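Presented as structure tokens, the chain that follows is alone, the form predicted on its own.
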């Protein structure tokens, strides 16, 4: 069995947003790391939270649940959430779950207004 690589999450704050850029796979073991990063992002009260999934090659349902929790945080705090850079495999998970319209999804950080 292959060892899973730890999830690395780069965080960048700009004048217009806080960007979370996870790198790797978001599966069961990595989801708590992502959940903590999302929680901290919203607690820091940025103008907007952008999750850039460009470097995420795979996302399990636990990763998707983390994104749903992020959207709930967004609604609760009135801080906009934008997803960008979805790889085909990650987009497929969101499509299959019928959550495409649940999220604001754009192609790049620039389109997200970063």
Partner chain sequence: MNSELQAQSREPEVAFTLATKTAYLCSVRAFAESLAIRMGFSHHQAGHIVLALDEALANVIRHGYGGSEHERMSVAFWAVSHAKLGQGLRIVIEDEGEQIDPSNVRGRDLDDVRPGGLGVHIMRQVMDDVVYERRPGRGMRLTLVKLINSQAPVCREC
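Numbering follows the first chain given and starts at 1. Just so you know, these numbers come straight off a predicted model, no measurement behind them.
The form predicted together with the partner chain exists for this protein as well; it is not shown, and the discussion that follows is about that form.
Only one of 44, 54, 72, 36 gets a heavy atom within 4.5 Å of the partner chain in the predicted bound form. Which one?
By the 4.5 Å criterion, the partner-contacting residue is 72.
At 4.5 Å by heavy atoms, is each residue in 82, 86 and 106 next to the partner chain in the predicted bound form?
No: no residue has a heavy atom within 4.5 Å of the partner.
How about residue 59 - does it come within 4.5 Å of the partner chain in the predicted bound form, if we only consider non-hydrogen atoms?
Contact with the partner chain, yes.
Is there a non-hydrogen atom of residue 77 within 4.5 angstroms of a non-hydrogen atom of the partner chain in the predicted bound form?
Taking the distances in the predicted bound form, the answer for residue 77 is no, it never comes within 4.5 Å of the partner chain.
Please check if residue 17 has a heavy atom lying within 4.5 Å of any heavy atom of the partner chain in the predicted bound form.
It does not: once the partner chain is placed as it appears in the predicted bound form, residue 17 has no heavy atom within 4.5 Å of it.
Can you tell me if residue 9 lies within 4.5 angstroms of the partner chain in the predicted bound form, counting non-hydrogen atoms only?
Output for residue 9 is no: heavy atoms all beyond 4.5 Å of the partner chain.
Scan 62 to 100 and note down the residues that get a heavy atom within 4.5 Å of the partner chain in the predicted bound form; none is a fine answer too.
The stretch 62 to 100, when checked against the partner chain in the predicted bound form, contributes 62, 64, 65, 68, 69, 72, 88, 89, 93, 96, 97, 98, 99 at the 4.5 Å heavy-atom cut-off.
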